[in-house]
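Before any questions on binding or motion, here is one chain by itself as structure tokens, the form predicted on its own.
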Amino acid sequence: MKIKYYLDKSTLFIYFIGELDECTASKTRDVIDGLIKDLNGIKKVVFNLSELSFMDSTGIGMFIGRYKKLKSLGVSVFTQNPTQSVEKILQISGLYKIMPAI
């Protein structure tokens, strides 16, 4: 799993490249938490999933945890461009209800 990001004004875009599963979720969580902590003034976070090839239930848990953390800081969270297989997981899990697509 690789993570890329960039800040555009007050929006943090985070790109996931590879697989988000039990083996990669912990490190992914740590990287995202570091980004959130180090970048002040963020109003919105967009998780770009266009290169996320696989996600399991551990990945769902990672996203829910980041959503809760960001929400407690007053930051809006969105998803963007999920792959077809990841979109099915987002729909079935209900993640779109808390992290809508833009």
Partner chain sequence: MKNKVKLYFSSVSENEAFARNTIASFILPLNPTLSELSDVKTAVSEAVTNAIVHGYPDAVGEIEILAEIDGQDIHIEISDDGVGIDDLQKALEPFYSTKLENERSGMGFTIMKTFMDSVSVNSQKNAGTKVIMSKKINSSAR
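These numbers come from a predicted model, not from an experiment. Positions refer to the first chain, counted from 1.
Omitted here: the form predicted together with its partner chain. The next part is about that form.
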| query | finding |
| --- | --- |
| Non-hydrogen atom contact T11 with its partner chain in the model of the complex at 4.5 angstroms | no |
| is_contact(E51, its partner chain) in the model of the complex, heavy atom dist at most 4.5 Å | no |
| 4.5 Å heavy atom contact, S93 to its partner chain in the model of the complex | yes |
| Residue contact check: T58 to its partner chain in the model of the complex, 4.5 Å heavy atom | yes |
| Sequence-ordered list of residues in 67 to 85 near its partner chain in the model of the complex, where near means a heavy atom within 4.5 Å | Q84, S85 |
